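The form predicted on its own is given below as one chain in structure tokens.
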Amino acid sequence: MFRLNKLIKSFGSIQNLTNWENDVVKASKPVLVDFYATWCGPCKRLTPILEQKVKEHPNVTLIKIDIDQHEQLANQNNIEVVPTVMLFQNGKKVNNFTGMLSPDNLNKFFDQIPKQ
């Protein structure tokens, strides 16, 4: 993990706080937000794992937020360590983790997401 803003969403992108409101806070399905940095080694290793897990869970949207490009969103979400992954449901953060999880713990994290 590393101490501490181009946002990339599955099949689209977020460019401002209005998009954050619409695509995360007002989303009708679970949203997984991955706060990362391009210089972060663990972030680079986590990205393909998260992308694969989201493919296995089509009810989940993945949004990636580069903390260096979007400092305001990182600060708004109290990001101090990357990678930090947050799960939002019905506009509220319901779970999160920092750093790399073991495969078993990552499976447990995804298993607690309701299937919709």
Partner chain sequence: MDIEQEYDLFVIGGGSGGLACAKQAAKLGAKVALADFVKPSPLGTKWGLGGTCVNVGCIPKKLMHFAATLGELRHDQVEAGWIDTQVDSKHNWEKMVENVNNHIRKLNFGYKNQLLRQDVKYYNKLAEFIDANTIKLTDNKGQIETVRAKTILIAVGGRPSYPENIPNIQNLVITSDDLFWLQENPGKTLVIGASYVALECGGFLHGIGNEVAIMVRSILLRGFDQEMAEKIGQYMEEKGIRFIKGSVPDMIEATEDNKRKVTWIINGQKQEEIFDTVLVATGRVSDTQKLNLDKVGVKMNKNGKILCSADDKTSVANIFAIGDCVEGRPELTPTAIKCGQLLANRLYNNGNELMSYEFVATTVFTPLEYGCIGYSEEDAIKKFGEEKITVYHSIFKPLEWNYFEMHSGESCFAKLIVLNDNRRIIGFHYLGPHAGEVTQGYAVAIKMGVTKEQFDSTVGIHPTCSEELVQVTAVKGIDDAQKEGC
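Numbering follows the first chain given and starts at 1. Here the structure is a predicted model, which means the values were calculated and not measured.
Beyond what is shown, the protein has a form predicted in complex with the partner chain; the following relates to that form.
Within 4.5 Å of some heavy atom of the partner chain in the predicted bound form lies at least one heavy atom of residue 81. In the predicted bound form, the partner chain sits within 4.5 Å of a heavy atom of residue 44. The partner chain in the predicted bound form is approached by residue 71, whose closest heavy atom lies within 4.5 angstroms of it.
Under a 4.5 angstroms non-hydrogen atom cutoff, the partner chain in the predicted bound form lacks residue 52 among its neighbouring residues. Taking 63, 85, 60, 67 one by one, only a single residue has any non-hydrogen atom within 4.5 Å of the partner chain in the predicted bound form, and it is 67. The stretch from 85-93, 52-60, 22-30, 36-44 that comes within 4.5 Å of the partner chain in the predicted bound form, counting heavy atoms only, is 36-44.
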